[in-house]
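The chain that follows stands alone, in the form predicted alone, written as structure tokens.
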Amino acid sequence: MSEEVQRYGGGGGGVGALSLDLLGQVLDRVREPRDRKACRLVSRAFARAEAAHRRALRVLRREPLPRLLRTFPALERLDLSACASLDDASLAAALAGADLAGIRRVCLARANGVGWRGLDALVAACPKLEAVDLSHCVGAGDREVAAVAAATGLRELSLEKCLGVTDMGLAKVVVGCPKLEKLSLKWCREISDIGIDLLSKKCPELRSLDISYLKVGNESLRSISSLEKLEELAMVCCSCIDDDGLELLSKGSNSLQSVDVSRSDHVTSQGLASLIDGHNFLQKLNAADCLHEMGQRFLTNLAKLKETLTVLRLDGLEVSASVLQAIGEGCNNLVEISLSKCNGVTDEGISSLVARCSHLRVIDLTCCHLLTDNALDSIAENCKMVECLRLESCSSISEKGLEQIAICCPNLKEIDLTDCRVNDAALQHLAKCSELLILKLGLCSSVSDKGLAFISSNCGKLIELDLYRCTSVTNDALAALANGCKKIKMLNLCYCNKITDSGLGHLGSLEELTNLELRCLVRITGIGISSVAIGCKNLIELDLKRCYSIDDAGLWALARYALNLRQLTISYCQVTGLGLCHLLSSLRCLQDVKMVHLSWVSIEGFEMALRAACGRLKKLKMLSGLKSVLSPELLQLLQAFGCRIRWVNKPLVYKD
């Protein structure tokens, strides 16, 4: 034993003889968290090196936060977005006494329990703070952003869906943080043209701005046009902006590289043509779901971007073969094009497009119903570097077209064949794509165990697999996947109703699985859930809706083993109040629970379970009938802790 201790870092030789700096460089090259943990456990020298060298930390529970901050003094990036029940008091207590002088980036996304007091303490403890993410902190308002504004060196700030922020709060930020380079105000609907005007005057270094879903108008674009360094501008669903606003924007500095006007109803191709006139170095243009027609002037101006434009999204547009030919001729440096739900996309149009755009790596043809194998042949022949191909609802393609893709496109990493009626022969061809990471086969009822065996035999890098309503899939397919695709992180088996506990037993060997959807698997019980919980320690999201045979035994297994679970759906399961209470009190990371029609749970059972977890829960979904019978004091307590409850009124209908 003493020999091993000496060898692995307990004495003066072996790993223990190396310097902390050298060991830190070794750890930098260890990418997998599990492998880093193994290094720490096998060698105290590695543990000391990581403590001195670690730069990033993601915390899942608030209890160990003070110890972790003291253990890793060299931290630069701190992620508290998944830290359940974090509030002002616990954050301030954790920060006290810790050396956080090196912290530059902090993520508090969805940390609804943190208010201005906690943010005050954070800014005071982190003098070098450069980036803060408060996205989806729906309760955050002017007082919270005023606290953040004290970080005078701030360069990046995300306030996405901070619904209480107004022009007053924005004014505090722009005056206090004049070095801002990146700002997201998405869904901050109290921000007006006045706030945007002040922002444009006070933050001349701004390079990226997101004003999506704001009620601002053309005057805001006039103000934004004065930002001489602005490179990225997102204005998704800005219904008060029109072509006149884009004309004003075009008169500003020729610095814009990326513009997103998707779902902005009053923008037309004329306005986009004006924009291109003033910004002829655009690299990315997203006009999805906003254009009704493709004007000739816009097509002509696209040709001005021939050398620079790499991403073009035109979802929902009426196009023709001649239009696609013109795009191909004018924008032959494209690496991504999206034509999702575009009417008029034909084999001829795709052929003329890809013949001139051989650099394409991402092609989205979702719901282009007229396409056949001929289009796939053209893509395979011309776009040999394609990595992502989205073909959902292209029901006329077959294994013949996919065979050409598999042969000619060895770098394919993602393919979406949802509702394409592909069969096992198609999967046999796709199995040649050994780099495949994401495969979506939802609603492909002809896919069976045989086809998935092909995939499992050669696609060992697969991380996401969608088998939604692939009703021919059985336990044998899961056995093959567990043996050949051990890196799977996301798996959708909803409505694959031939799967039983035996199949879930195979899934227990997928140690990297984080997201598992098992909706309406009526043959699985607590035995199968136990296998998953014991084997899949990294499980974060689990959907058990309408798994009618799941009872308290399944919940007890989750409570004991699935300690990282953050989102759970157990609607229609046959669980009791005791099982529910034990589950919610045990899972310290659980934040989002959907529990509709838990017929065996009494009012008292709901009360006890919710009280056991009210400090951690952020989202709940329950029957509206419970709103009037649960104690008002409990509901107020949940709301005070930042929990949002979605009340639904659904009839009790059982499905097979």
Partner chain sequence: MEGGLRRSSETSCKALPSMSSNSSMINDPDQQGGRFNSMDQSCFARPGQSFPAFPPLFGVQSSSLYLPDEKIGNQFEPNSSLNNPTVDWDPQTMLSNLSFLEQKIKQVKDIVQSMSSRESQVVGGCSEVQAKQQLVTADLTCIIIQLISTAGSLLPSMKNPLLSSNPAIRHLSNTLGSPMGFGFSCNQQPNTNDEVTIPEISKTPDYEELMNSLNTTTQGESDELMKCQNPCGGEGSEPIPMEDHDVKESDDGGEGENLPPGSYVVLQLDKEEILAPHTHFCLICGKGFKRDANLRMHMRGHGDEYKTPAALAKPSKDSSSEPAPVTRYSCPYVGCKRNKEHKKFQPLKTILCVKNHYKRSHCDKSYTCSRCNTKKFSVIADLKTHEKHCGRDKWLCSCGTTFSRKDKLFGHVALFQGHTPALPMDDVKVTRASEQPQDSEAMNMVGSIGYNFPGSSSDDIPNLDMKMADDTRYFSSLSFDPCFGGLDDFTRPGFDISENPFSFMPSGSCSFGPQNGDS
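Residue numbers count along the first chain shown, from 1. Model, not experiment: these values are computed from the prediction.
Unshown form predicted together with its partner chain; subsequent notes refer to it.
Judged by heavy atoms within 4.5 Å of its partner chain in the predicted complex, the contact stretch among the candidates 553 to 561, 82 to 90, 567 to 575, 418 to 426 is 82 to 90. Comment: its partner chain is not present in this chain, but in the predicted complex one of A109, A321, I534, I194 has a heavy atom within 4.5 Å of it, namely I194. Checking K306, K450, R77, R143 against its partner chain in the predicted complex, a heavy atom within 4.5 Å turns up for just one residue: R143. Looking at its partner chain in the predicted complex, residues R117, D120 and D167 each place a heavy atom within 4.5 Å of it. Interface membership of A171, defined by any non-hydrogen atom within 4.5 Å of its partner chain in the predicted complex, is confirmed. In the predicted complex, no heavy atom of K489 sits within 4.5 Å of its partner chain.
K202 belongs to the set of residues with a heavy atom inside 4.5 Å of its partner chain in the predicted complex.
Using a 4.5 angstroms threshold between heavy atoms, L198 counts as touching its partner chain in the predicted complex.
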